[in-house]
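Let's start with one chain on its own, the form predicted on its own, as structure tokens.
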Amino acid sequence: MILLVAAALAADVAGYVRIMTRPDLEGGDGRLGYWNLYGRLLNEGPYAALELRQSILERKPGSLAPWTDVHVRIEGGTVQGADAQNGSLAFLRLSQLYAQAGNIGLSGVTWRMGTLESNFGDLGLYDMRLAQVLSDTVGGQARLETPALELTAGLGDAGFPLKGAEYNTVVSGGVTARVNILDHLELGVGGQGYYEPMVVGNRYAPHSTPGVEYEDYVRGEVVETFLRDNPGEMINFPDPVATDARSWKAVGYLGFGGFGPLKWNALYVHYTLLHPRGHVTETWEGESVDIYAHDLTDERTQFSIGDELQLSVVEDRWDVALAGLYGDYRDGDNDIAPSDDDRTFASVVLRMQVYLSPTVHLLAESSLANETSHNGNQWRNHKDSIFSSRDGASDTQGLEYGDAAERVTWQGKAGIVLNPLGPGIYTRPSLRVLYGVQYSTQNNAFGNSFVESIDEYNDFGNVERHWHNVVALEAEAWF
């Protein structure tokens, strides 16, 4: 820690902090809803990020002389007293570490070694980066920057981010290109590919267990089904078959603005084929059996598109930000079980900020979201709906959960904002006093510790609650 403080004092420092308290008298965990589909405001927890840049050979503006520096980013989502982790440093991470140099070999080209990332910006009201590549890759990158054109290409390994402790090399490469036209129009495209090679004998390399049905896999009954069909032949349970694994993503960006009341409009598109999963473990009579799932998880795609526009309705008096998000997630291997990999969602968020004075503002925000499961009932609308599923029939096998294939959620938020630096929806720091309310068709649609069982021996009871209210004191700053 002493070395970190000393390094920070010697380096250029930038960062971000978010801290809040949201006493929740309805038994929740201090967040209005489940996730940022309803807008990031009141749906995010505490966060802190510190980015350090140490210049070793200083860059001289307008010069073609070589330069080099080192970047470090430390971040995490916990602060003492604001969340369950209570600010423990165990929940912070060194998320970025790279060295870069410019004007070496090729003028105007920046070379980077270390963690890689290239993105086209944030969907601010949702706090999402739909159009980014190489954020999970460690390797080498080259970036060419001119006033009108930016090109980036990188290559490295994404094995640890994708597979964790079950590491196997995943070769990852990506490119992006962005064109700027007179500072009023930007176009960007990019893509990334992953290749995980077949390695015979490596249990963490891609494999498939032959003859496994998806229903048995999702229920955790692969071994049981095999032994039912082949009594007493556990020794003949099929061995995994080695293969390789591929995945990819494509991203796009369109930005325009700077005329009339339109400050900027940003459209982001993301389409990806997710990387196949490794294995799951089943236990039979005390023996652990690994089921390798490459062929059961290699058809999962995600399409997302988001747009946000910022308007200055009355200069320095009234600003508006309007954003929409749509996603269509598909799992070609799964046509029987509700899953986050097989759903459609759509959302719209409207935020208005009125400036009573340059530093005292009124904020109002509203959002409406719809989420639909492609494979039946994923949500419980009522306290006793665990007993019913599709068409009101009991599903004792557990492929469905509850009685609804659709979740509709509305949120409203309002309050006072103190902005010392003046007007602007994204001007920081902001000190906020907010009230938020949510209505959802799902019962208890927010983080909580409620006991949901309706067993007659449940000592705590079960309650139906579709409304949720939160009051928040918050501070957020960039520096």
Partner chain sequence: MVLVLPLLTLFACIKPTPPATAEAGRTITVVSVADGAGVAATVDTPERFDSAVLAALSARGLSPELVQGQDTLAALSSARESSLRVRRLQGEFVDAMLLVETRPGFYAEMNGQYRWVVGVTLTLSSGASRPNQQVVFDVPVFLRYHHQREAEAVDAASGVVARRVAELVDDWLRSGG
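Positions refer to the first chain, counted from 1. Source: prediction; values computed, not measured.
Not on display, but discussed next: the form predicted in complex with its partner chain.
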Proximity of D319 to its partner chain in the predicted bound form, heavy atoms at 4.5 Å: no
Distance check, I56 to its partner chain in the predicted bound form, heavy atom within 4.5 Å: no
Its partner chain contact at E166 in the predicted bound form, heavy atom, 4.5 Å: no
Residue contact check: Y98 to its partner chain in the predicted bound form, 4.5 Å heavy atom: yes
Location of its partner chain contact in the predicted bound form, chosen stretch of 143-151, 329-337, 221-229, 288-296 [non-hydrogen atom, 4.5 Å]: 143-151
Position in contact with its partner chain when the complex is considered in the predicted bound form, options H382, R343, R300, R178, heavy atoms within 4.5 Å: R178
Single option in S366, S373, N119, S208 placed near its partner chain in the predicted bound form, where near means a heavy atom within 4.5 Å: N119
Sequence-ordered list of residues in 460-479 near its partner chain in the predicted bound form, where near means a heavy atom within 4.5 Å: W478, F479
